[in-house]
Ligand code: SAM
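Taking the form predicted on its own, here's one chain by itself in structure tokens.
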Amino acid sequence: MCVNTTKEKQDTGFIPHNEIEEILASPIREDWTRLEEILSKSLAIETLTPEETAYLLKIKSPDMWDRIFEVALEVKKKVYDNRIVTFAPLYLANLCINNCLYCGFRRDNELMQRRKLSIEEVVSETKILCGEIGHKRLIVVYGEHPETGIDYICDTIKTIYSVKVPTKRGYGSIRRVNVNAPPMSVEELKRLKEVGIGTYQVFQETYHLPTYEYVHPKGTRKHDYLWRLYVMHRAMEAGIDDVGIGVLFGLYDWRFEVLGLLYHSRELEKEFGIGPHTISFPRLEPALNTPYVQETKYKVNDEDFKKLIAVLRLAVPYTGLIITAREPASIRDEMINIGITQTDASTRIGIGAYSDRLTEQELKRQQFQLGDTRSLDELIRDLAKMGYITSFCTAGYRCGRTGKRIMSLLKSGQEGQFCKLNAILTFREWLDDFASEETRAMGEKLIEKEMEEVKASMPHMFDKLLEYYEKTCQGARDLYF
């Protein structure tokens, strides 16, 4: 095994490029016994080693891949049961000082219509998201620009939390705001913590340093690989123990990126005892006046996309995996049956697009082109047909089930018990307040099945669940375990 030189450690931090390339280049002998040894480790909810993960990545046998897909779903159900968490992205601005070659928001893209939302517009967008559509979680997205710095971020998050809208039976509100924002200092991250965010999400985009520096040109803030790489260390220091990592697949070899995500996860576990709460893996999508997307030779096809999701589910078995509306509906539905636990719906990524009631994508206002524009109602109905209950639960963040505590609960399978109960309650809320008649009827059948499962597997919790459930049917809101 190649040992990193001091120079490489300085350049690439905890992502050992030479070691990763050696691991990926080493041949394997496909062996069922070895495969089952690795899969049994995943089923025990243990993080895989780079060598074990690379072994999975190198497999060619279709039968072995079928087994990998089967166990990936088994691991997902063991940790997360049959729940899918939904959210909506809210883009606050498309102002940016960076010049990323793949991004429609890049500084030099003169065709992009630039603006940021005012506080009044943030209220309008939030009212639609929580009062008409029924979302309880948002991921708010900010570019890197002086006009959308930490003061603006904190003010807009406080505004979002303040909005409450009457609904059919109760009220709509955003109970958890996750943040996708540029890397920040410890002092700025402490302010984010104080404002009550959920997950702090920063994607490295690519862990391959030469590619990273090429697609993020010199003279921009984002060119600094290590500043971005170590942001989750700073977040932990600031007290934010719920972080999300990811890459943009299509910038470099997807196998290298999978191992990069694994090394990042293992680094956080080693240093802080807390791995990433979520991992995301968006693929490059067409964007306005962005030729790089068509030029790259590293685009990930659907078959490899399925493989990398399965391997990540097995390599970091406790973490939530997020797939977004970048992907078409058919791909999203298939990947949910491999290992996905979170996805968005009713998605609009143009600035102010929810209030403007845009039904068509307007590339002059958005970062990239969407693949799936299903409404939340449509997605929930489709998930119910597949046997998945949509969870709007945000209780863990108010009960202290974050950081090391949630990691231990996830690894032991206990977190799924709390979440199953809360999923039923929040799903009932949503059906009463927002669902179409068709979706409501289908959802109620699913709730009956879920209640029977709780009665059989958690009889000691059933009476309390029934009490909370009846109160929810009568109009009570935000009851949780």
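All residue numbers are counted from 1 along the displayed sequence. Not measured: the values here are computed from a predicted model.
From this point on, the text means the form predicted in complex with S-adenosylmethionine, which you will not see here.
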| property | result |
| --- | --- |
| Heavy atom within 4.5 Å of S-adenosylmethionine in the predicted bound form - residue from 283, 175, 307, 234 | 283 |
| In the predicted bound form, the residue from 203, 214, 230, 272 that sits within 4.5 Å of S-adenosylmethionine by heavy atoms | 203 |
| Region of this chain that lies against S-adenosylmethionine in the predicted bound form, out of 129-137, 252-260, 103-111, 82-90 [heavy atom, 4.5 Å] | 103-111 |
| Partner contact for residue 372 in the predicted bound form: S-adenosylmethionine, 4.5 angstroms, heavy atom | no |
| Distance check, residue 293 to S-adenosylmethionine in the predicted bound form, heavy atom within 4.5 Å | yes |
| Interface membership of residue 180, S-adenosylmethionine in the predicted bound form, 4.5 Å heavy atom rule | yes |
| Contact of residue 144 with S-adenosylmethionine in the predicted bound form (heavy atom, 4.5 Å) | yes |
| Residues within 4.5 Å of S-adenosylmethionine in the predicted bound form, restricted to 319-349 and counted by heavy atom | 326 |
